[in-house]
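A single chain comes next, written as structure tokens; it is the form predicted alone.
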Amino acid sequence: MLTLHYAPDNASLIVRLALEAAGAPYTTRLVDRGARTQRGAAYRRLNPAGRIPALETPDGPVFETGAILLWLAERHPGLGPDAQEPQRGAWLSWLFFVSNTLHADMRALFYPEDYAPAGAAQAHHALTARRLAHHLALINAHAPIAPHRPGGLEFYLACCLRWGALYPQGGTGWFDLKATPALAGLARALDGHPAALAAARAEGLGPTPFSAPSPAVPPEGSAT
């Protein structure tokens, strides 16, 4: 049995989508962001970085979203190309681009206090937003997106699109889903995917969580 340590509408959502799509048996354990449980000693034994998510497995805990997706894809056919398939290299390249570049810059946008010098928040936001728009344009043009056969890469991207439209509150003017038609098609396709429907019920994401998202209204916990 796998245990996903999660908070609603956090990076753990990506892992939940992958688990649901794979049909993997798992349980969840809420990480109380309001109490900053992720910074406590007990949680840091699972993820020393103190970030969400962590996945407890029979092999021990796995953390970092990209690493968890790769671990799952190696065990559940359909979440990514098999190691012997010719598409594997491109899939890995874009998975790591999303994890190391797109998602990292989203964190910088959402938590400017951790990245920007005092008094430079506005300039930091503008620069980071330009980088994010460039990343999305590259992904839209070149990534091997499969809207109707989604795996780990597609679920990761869909969540990033959701967050780009929602966060930070009052600072989403840079985001335009229509400017990336391939990604817009992915968002629409995944709205109705069984894994997305299950995740939406579990985390209160609403009927169109990726193509026209609204803030989460979860049955437990908080997204922030």
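Throughout, we count residues from 1 along the sequence that is shown. Predicted model only: the values in this text are computed from it and were never measured.
As for the form predicted together with a small molecule, it is not shown, yet the points below apply to it.
> So, a 4.5 angstroms cut-off on heavy atom distances: do all three of 155, 193 and 211 pass it with respect to the small molecule in the model of the complex?
So, no: the whole triplet misses the small molecule.
> Examine residue 188 and determine whether its closest non-hydrogen atom to the small molecule in the model of the complex is within 4.5 angstroms.
The answer is no: residue 188 has no heavy atom within 4.5 Å of the small molecule.
> Though only this chain appears here, would residue 52 touch the small molecule in the model of the complex if you measure heavy atom gaps against 4.5 Å?
Yes, residue 52 lies within 4.5 Å of the small molecule in the model of the complex.
> Taking heavy atoms and a 4.5 Å cut-off, does residue 103 contact the small molecule in the model of the complex?
Residue 103 belongs to the contact set for the small molecule.
> Even though the partner isn't displayed, in the model of the complex is residue 39 close enough to the small molecule, meaning a heavy atom within 4.5 Å?
Result yes; residue 39 sits at the interface with the small molecule in the model of the complex.
> Within 4.5 Å of the small molecule in the model of the complex, counting heavy atoms only, one of 211-219, 5-13, 20-28, 197-205 shows up; tell me which.
Answer to the contact question: 5-13.
> Heavy atom within 4.5 Å of the small molecule in the model of the complex: which of 176, 56, 32, 64?
Comparing distances to the small molecule in the model of the complex, the residue within 4.5 Å is 64.
> So which of 125, 142, 76, 107 gets a non-hydrogen atom within 4.5 Å of the small molecule in the model of the complex?
Checked against the cut-off, the match is 107.
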